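Below you'll find only one chain, the form predicted alone, shown as structure tokens.
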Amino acid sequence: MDEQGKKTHLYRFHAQNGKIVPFAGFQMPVSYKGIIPEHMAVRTGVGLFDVTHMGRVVVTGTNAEAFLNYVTTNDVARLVPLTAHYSVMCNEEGGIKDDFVLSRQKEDRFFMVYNAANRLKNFQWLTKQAANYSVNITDVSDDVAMFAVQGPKAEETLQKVVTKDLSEIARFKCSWTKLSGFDAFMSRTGYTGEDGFEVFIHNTPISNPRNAIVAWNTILEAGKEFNIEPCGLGARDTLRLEAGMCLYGNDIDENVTPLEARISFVVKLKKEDFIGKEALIKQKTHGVEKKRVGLKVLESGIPRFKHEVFKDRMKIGYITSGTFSPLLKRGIAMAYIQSKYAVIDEIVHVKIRSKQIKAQLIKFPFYDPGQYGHTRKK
């Protein structure tokens, strides 16, 4: 890796058309046209993200299911081939080592996609835990290009360039297809709250990026009639925050459990032993002292990371992610606050510089799910 950081297959396109910033050891585009127009393109039409910086491993072998059930909190046994789920890996204390999407490609072959910043940490952790299992763990991150096509027009855009009937792929389902003549794996997943797909172009090393470049340009051409926009990390962050999705390193980390983060749906305590199970059972029994909440600012001001949250002049928590919502046109945030105050519609105050700004606790997502997101009314 050079001093500037690693580059994805599409770096030349990003450098020529966007603003490059360092992120998780990579040189990545933060925006092209601008965060707001890119954000709104995804909410109203379609956007295309290069997310090749993410970590990707393939887990195979006769013990693959048992191994993954031990190192992750969700129930891997429920996955049939060509389905996926969201999950986390925990440490022994129940803290979140990372969150990820796991796809079952075949009976004994799984595909895990996790955060770019944790690529090395996760691979080492998985390898260490696999000592007593008959499995093979292969890091394919540098040999697979990964794009996210997101928005209400994502299916129509991709249908022009793939051989699979995309209407047959439900949310968190997967399929193999041909895209621009290349073998591609697709899952109906994403990090924006919208409908869409994550597309994986296999056997495409960064040293030979042609297939990725052709696929990228093909998708952009297919989406022209829907005003597709290439989107950077800036819009990716505002979109996921509006949708109430966690960002590792801000909203979740090894000091936060999935119960505190309010993603307990990924924790299946009835399954056999898994790392962190005992700690999570204990925490569920005794209750959590803090909870992740959504805050909608009711006055002028944008909450940011580490801003403090108050109730009746008493500090009750802190902001973990905050931004200006392009859709709501106001400040929004995620925070951890004392559990007894985590009540929908509760009014609190966020300290922004020397001023305390009024905010309201809301239920995720921040937008009306009947009008936006993958549950919108067609």
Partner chain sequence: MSIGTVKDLVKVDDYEVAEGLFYHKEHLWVRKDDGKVRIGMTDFALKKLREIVWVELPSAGDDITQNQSFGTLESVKATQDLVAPISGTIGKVNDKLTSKPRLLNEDPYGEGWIIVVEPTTKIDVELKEIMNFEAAVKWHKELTEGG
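Residue numbers count along the first chain shown, from 1. Source: prediction; values computed, not measured.
Separately, the form predicted together with the partner chain exists; it is not shown, and the next lines address it.
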{"item": "Listed range touching the partner chain, judged in the predicted complex by heavy atoms within 4.5 Å, from 295 to 303, 143 to 151, 189 to 197, 83 to 91", "value": "295 to 303"}
{"item": "Candidate from V58, M40, A342, V30 lying within 4.5 Å of the partner chain in the predicted complex - any heavy atom", "value": "V30"}
{"item": "In the predicted complex, the residue from T44, N63, T323, Q338 that sits within 4.5 Å of the partner chain by heavy atoms", "value": "T323"}
{"item": "4.5 angstroms heavy atom contact with the partner chain in the predicted complex for V21", "value": "yes"}
{"item": "K351: touches the partner chain in the predicted complex, heavy atom cutoff 4.5 angstroms", "value": "no"}
{"item": "Heavy atom of K311 within 4.5 Å of the partner chain in the predicted complex", "value": "no"}
{"item": "Exercise: S103 in contact with the partner chain in the predicted complex, heavy atom 4.5 Å", "value": "no"}
{"item": "Contacts with the partner chain in the predicted complex, stretch 326 to 359 (heavy atom within 4.5 Å)", "value": "K329, R330, G331, R353, K355"}
